[in-house]
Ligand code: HPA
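Quick heads-up: it's one chain on its own, the form predicted on its own, in structure tokens.
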């Protein structure tokens, strides 16, 4: 048992999905996993372990922002021996070619946060995903509308700076809030990590996903994440 996860040794699988929303973790467990068992409800950050196509898989809510996901991923890696971690979540597109409802596989995750600089003594460390997870995810995702490229994990959801202009100029595909921390911790602990994201809204055009599209595309995202986990 760790500080924020109440699971006993062996209750968390070595392969895990990480939605930010704990209720999405519950939804994934109930709709995609066979015989899911809840192992965590500390702070209502739900975690479950079940099986997918005969393979043992967990799903754990990770909260919003780099500090929150850092806590859960650190404990999952160091206390529960998780080897493969895939973030599933939504993002805001900032390029013309990334449309609402599209999937994004985050090749890299830049950030405006100071978390990575503190972790690397001030260096501009460039965190990236695991190639094998990316390749496996792409093979599943290519039947959908999918993009592979960089995202940016931002500290502020309601950003009032002009950072967006530069991020668009450097071809960042979308904004989100967690992938950079996941990739950095995976690099530190030599684990495999990937972020599979659904474009829920477009920051430039202000288009947003309706309820029907959200359900369909979130299922696509979960399918891609699970298939990559067990590949």
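Numbering follows the first chain given and starts at 1. No experiment lies behind these values; they were computed from the predicted model shown.
Another form exists, predicted together with ligand HPA; not displayed. Remarks below refer to it.
Enquirer: Heavy atom within 4.5 Å of ligand HPA in the model of the complex: which of 203, 187, 33, 167 fits that? Just give me the one.
Expert: After the contact test, the surviving option is 203.
Enquirer: Of these, 177, 57, 69, 29, which has a heavy atom no more than 4.5 Å from ligand HPA in the model of the complex?
Expert: Looking at 177, 57, 69, 29 one by one, just 177 meets the 4.5 Å heavy-atom criterion.
Enquirer: Looking at 75-83, 120-128, 140-148, 88-96, which stretch has residues with any non-hydrogen atom within 4.5 Å of ligand HPA in the model of the complex?
Expert: Selected range: 88-96.
Enquirer: Between 141-159 and ligand HPA in the model of the complex, list the residues on our side with a heavy atom within 4.5 Å.
Expert: Contacts from 141-159: just 157.
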